[in-house]
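Just one chain is shown here, as structure tokens, and it is the form predicted on its own.
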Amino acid sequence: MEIQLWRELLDPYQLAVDELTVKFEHLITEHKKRGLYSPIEAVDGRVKSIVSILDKMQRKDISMNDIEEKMEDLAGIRITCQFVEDIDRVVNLIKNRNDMSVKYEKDYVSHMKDSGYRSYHMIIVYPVNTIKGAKLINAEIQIRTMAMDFWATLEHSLQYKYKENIPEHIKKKLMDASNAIMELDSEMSDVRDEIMDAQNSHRMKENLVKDILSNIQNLYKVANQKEVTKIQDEFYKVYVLDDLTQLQHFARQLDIISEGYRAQSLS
């Protein structure tokens, strides 16, 4: 197949990857804006390379005319989560969307592969609009923890090197590593509440500091510069104490000061 024909074949899949990546990233943003915990930590997407397509065609005895029908992973989205429990939440988020439909699922988290691979796979049908009109695209979504993703990335590299004939001693090391990662995910789940509390506190502090600095910046436009400089110095003193309660108190006091200047400007 000529390179131009490959591009025509894969362009709709690139469009699907681009759109899906943006949509899942927006879910992360939407959760954070509402002060909610996002079960999605990161999103990545790719269109299968021509080399990978050719290798799979040879391995699975797929003809050129059957590529789109028999290769359901031409478009791939990878979603990583912090905790194993988040995987089910992401699966439900996807199932409840009306802009894509689930074709089928494979749960390699509860039932890992013989190699030690663990991940949750969903094949979805996603509509894209191209210059030639509407087209339904098959896309594979892989959902796994960051620890699972680390293992899968390394295992994929070895599969590519050894053409799926990994030596037995390396297979054993991979299985040992997979078991260790399963244990790690379990340990992280045990301290999930503490981790989330720490992350929530950090997120609250970030938002609070952003609001305070924005408030101070606005004061420079309406207040005496020396007074604003004094307020800014006071903010730094409170900030280094690393006490969220005192920072919240400072923010409330600053709101009162800012409201006073706003009232003056209106009168």
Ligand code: 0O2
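Computed from a predicted structure; not experimentally measured. All residue numbers refer to positions in the sequence shown, first residue = 1.
Same protein, other form: the form predicted together with the ligand, not shown, and the subject of what follows.
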Original post:
Among 135, 171, 89, 106, which has at least one heavy atom within 4.5 Å of the ligand in the model of the complex?
Top reply: 106
Original post:
Which pick from 189, 159, 129, 101 sits with a heavy atom within 4.5 Å of the ligand in the model of the complex?
Top reply: 159
Subject >> Residues 33, 204 and 218 all lining the ligand in the model of the complex, heavy atom within 4.5 Å >> reply: no
Original post:
Is residue 140 one of the residues lying within 4.5 Å of the ligand in the model of the complex, judged by heavy atom distances?
Top reply: yes
Original post:
Even though the ligand is not shown here, does residue 95 get within 4.5 Å of it in the model of the complex, heavy atoms only?
Top reply: no
Original post:
in the model of the complex, does residue 152 have a heavy atom within 4.5 Å of the ligand?
Top reply: yes
Subject >> 4.5 Å heavy atom contact, residue 178 to the ligand in the model of the complex >> reply: no
Original post:
Which of these stretches, 224 to 232, 51 to 59, 33 to 41, 207 to 215, has heavy atoms within 4.5 Å of the ligand in the model of the complex?
Top reply: 51 to 59
Subject >> Sequence-ordered list of residues in 111 to 129 near the ligand in the model of the complex, where near means a heavy atom within 4.5 Å >> reply: 113, 115, 117, 121
